[in-house]
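Below you'll find only one chain, the form predicted on its own, shown as structure tokens.
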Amino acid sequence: MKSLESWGRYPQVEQRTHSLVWRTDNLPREGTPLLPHGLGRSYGDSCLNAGGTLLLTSGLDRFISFDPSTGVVRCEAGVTLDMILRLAAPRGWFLPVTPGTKFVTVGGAIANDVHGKNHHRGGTFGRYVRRFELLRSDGSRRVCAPDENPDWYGATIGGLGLTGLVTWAEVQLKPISNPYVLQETVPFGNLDEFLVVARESEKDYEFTMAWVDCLARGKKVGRGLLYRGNFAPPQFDGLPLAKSHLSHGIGLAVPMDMPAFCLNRLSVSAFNWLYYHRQNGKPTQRLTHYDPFFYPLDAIYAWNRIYGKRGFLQFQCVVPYDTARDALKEILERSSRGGLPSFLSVLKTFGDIPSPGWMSFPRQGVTLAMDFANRGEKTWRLVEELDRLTREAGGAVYPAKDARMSPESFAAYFPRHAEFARYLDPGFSSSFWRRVNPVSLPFSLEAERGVAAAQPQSLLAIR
């Protein structure tokens, strides 16, 4: 049994591991539930399988084909978005949708149907997955596409790795003229101003997101900086950039777990004030490489260590536009009053572009993501309260970032969960799935508490 962490480092659980090397290999028959695991960049327990077996896919890291004339790439599920960019960007192709880190596997991007800064234009990653192979625990394999096994296709995209193992996938990339982004930074004074400038920006900018000062109160609640941009046109091809605008991977590192006292209301408040006021209240423009624009945190190795050994919980919700103002204001104020400042808070907008995935998180509205250092019961109560506020606003919480969602909330957020459950692989499960679909099972409950687990009576029982 090994203690393999999610990116949030909470919860701490033990599970077996089995490394996959060839996409033609059969799945192990170990008598415990299986779960695919890429780089573990999910923040909560959706990539954990307490007492079960994680199928480590990092060995499935081969490209199968790439057509530089069409931008169609076929690769194994363990290939990372970083590897795709290194192959495709110099040849004039880019990811059609990318999350805030490129250290994510293709299999993980499908399982979580990841989104990025361009949902209002591009939707989710799953829209660009042309086909994939799904390996089930019974040894069967099926190719899934919009016109081939479409139900399995819809259930697997955003299906959290629970329908089986994706062995390879084919993805359509998007053309770019160069690797540069024309970026503009626009300060906004409160949540109302954000809602206006964000919707206006959608007309002319493909990419938008905002940093939020989570501790601002009163008339300043929700103030922050909006980042918006487009890929640079051909006239910028070959233009050299200042070193400060270039980034090619990891440059700094957090060498150890930071003491818990480092992140407190005073330190976060000081950082937020300096970060917000560095703009002097004025918009700025610059030409930058895509790396610091899309992946600023990737330049800091192991940045999750700043939260200490106990890790952190990220809360990400989306709420409809008609309830967004009141709901997000209450969420921001509630987190500020709770004495647990969010070190990193981000606002984005989602468009009305539907995903092919039945369990996909994005839906039209405004999404807010907040990071909270794990202070035990105090943090858990706060996150559960924010979950309740989201549910009352008719919104949803992102499973890939979640560690505390209740079964009642899960059922409300994902109305197709019962239909999805019919496509679960009986040999697959996860800590997240058992939490939001509670069953009377000593195996999973004991393992989740870090106690030596008993063997399950059957794989069907733990589904």
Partner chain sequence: MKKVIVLGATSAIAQATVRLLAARGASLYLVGRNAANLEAVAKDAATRGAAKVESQAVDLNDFNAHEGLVDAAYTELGGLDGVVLAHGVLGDQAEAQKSWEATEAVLRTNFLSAVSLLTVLANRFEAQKAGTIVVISSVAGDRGRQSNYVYGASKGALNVFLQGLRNRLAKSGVAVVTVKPGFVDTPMTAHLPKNKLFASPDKVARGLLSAADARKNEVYVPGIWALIMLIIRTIPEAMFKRMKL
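Owing to the predicted nature of the structure, the values given are computational and were not obtained by experimental measurement. Residue numbers count along the first chain shown, from 1.
What follows is about the form predicted together with the partner chain, which we do not show.
Residues N230, L287 and V346 are none of them found to lie within 4.5 Å of the partner chain in the predicted complex, as judged by heavy atom distances. Of the residues R217, K309, R91, R131, just one reaches the partner chain in the predicted complex with a heavy atom at 4.5 Å or closer; this is R91. Checking E30, E419, E408, D61 against the partner chain in the predicted complex, a heavy atom within 4.5 Å turns up for just one residue: D61.
In the predicted complex, L87 approaches the partner chain with a heavy atom inside 4.5 Å.
The partner chain is not shown here, but in the predicted complex it comes within 4.5 Å of a heavy atom of S65.
Residue contact with the partner chain in the predicted complex: R9 places no heavy atom within 4.5 Å of it.
None of 47-55, 399-407, 22-30, 423-431 except one has non-hydrogen atoms within 4.5 angstroms of the partner chain in the predicted complex; the exception is 22-30.
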